[in-house]
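Below you'll find only one chain, the form predicted alone, shown as C-alpha cells.
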C-alpha cells in the first residue's frame, strides 16, 4: 500500500511539472512561437534553395526534416530551462519535497510535447511544399523514437548548461556530439521508408534508436540529481 502511494505521488509530481510548463506556454506562447517560426523559415529556405527533381528531393528529405527538428528543438530546450532559471522557478522546483527525477521526467514530457506540436505543423507543410507523403506509419514511428531520444538527452544537458553564463552557446556544444548516433539512425531510417527500402535494411537503425532511448533515459534518471546539485 505504501509503495503504491509513493508511486502515485511520483506520477502526480511528473504530471504537475509537465502541466505547469504546458499551462505557462499556453498563456505566453513564447517558446512555441519561436520554434514554429524558426522551423517554417528553415523549410521555406530549403524549398527555394533546393531546386531539385522529385527523385533527388526524396533522397534529401530525411536530412532536411531532421535538421529542422533538431535546430528547432535546441531552441526550445534552451529557452525552456532559461525561463525556469531567470524566473527563479528552478530553485523552487528543487526545493519541492519530491524525487528530483520526477522534475526531469516532467520537463522531458513537456519538451517532447512542444516538439510534437512543431512536428505536427511542419510535416504537412513540408509535404505540401515538396509534394512528398510524410504520413507513413514507419516514418512516424522513427520520428517518435528520434524525438524521445533527443529530448531525453537534451533535457538533461539543458539543465546542466543553464547554470553557465554562456548557456545559449554551451547547450549546442554539449548536445550535438551526444545526439550524433540518434540523428544518424533517424535520418537513415527515415530515408529508408521514404525510398521504400526493404525492412531488413531499416530495422537495424530502428533498433539503434530504441537502444539509445532506453540507455539515455536510464542515465538521465540516475544522474539528474547530481547535475542540478552542481
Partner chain sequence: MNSKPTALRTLDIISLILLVIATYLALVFAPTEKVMGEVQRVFYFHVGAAWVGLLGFIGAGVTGIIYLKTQNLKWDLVEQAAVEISLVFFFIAIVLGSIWARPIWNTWWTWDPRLTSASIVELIYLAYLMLRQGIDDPDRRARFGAVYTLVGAISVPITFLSIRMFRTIHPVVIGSKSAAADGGFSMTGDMKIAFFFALFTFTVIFIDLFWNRIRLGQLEQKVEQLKLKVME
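Numbering follows the first chain given and starts at 1. Keep in mind it's a predicted model, so treat the numbers as computed, not measured.
The protein also exists as the form predicted in complex with the partner chain; that form is not presented, and the subsequent description refers to it.
Novice: Given the partner chain in the predicted complex, answer whether the residues 109, 113 and 141 all have a heavy atom inside 4.5 Å of it.
Specialist: The answer is no: none of the three residues contacts the partner (heavy atom, 4.5 Å cut-off).
Novice: State the residue from 37, 45, 67, 180 whose non-hydrogen atoms include one within 4.5 Å of the partner chain in the predicted complex.
Specialist: Flagged contact: 180.
Novice: With the partner chain left out of view, choose which of 163, 28, 59, 33 has a non-hydrogen atom within 4.5 angstroms of it in the predicted complex.
Specialist: Flagged contact: 163.
Novice: Give a yes/no on whether residue 156 approaches the partner chain to within 4.5 Å in the predicted complex, heavy atoms considered.
Specialist: Heavy-atom contact with the partner chain at 4.5 Å: present for residue 156.
Novice: Indicate whether residue 205 is a 4.5 Å heavy atom neighbour of the partner chain in the predicted complex.
Specialist: The answer is yes: residue 205 has a heavy atom within 4.5 Å of the partner chain.
Novice: Contact between residue 199 and the partner chain in the predicted complex at 4.5 Å, heavy atoms?
Specialist: Flag for residue 199 set to no.
Novice: Using heavy atoms and a 4.5 Å limit, would one call residue 219 a contact residue for the partner chain in the predicted complex?
Specialist: Result yes; residue 219 sits at the interface with the partner chain in the predicted complex.
Novice: If we take heavy atoms and a 4.5 Å cut-off, which stretch out of 59 to 67, 164 to 172, 37 to 45, 191 to 199 is in contact with the partner chain in the predicted complex?
Specialist: That would be stretch 164 to 172.
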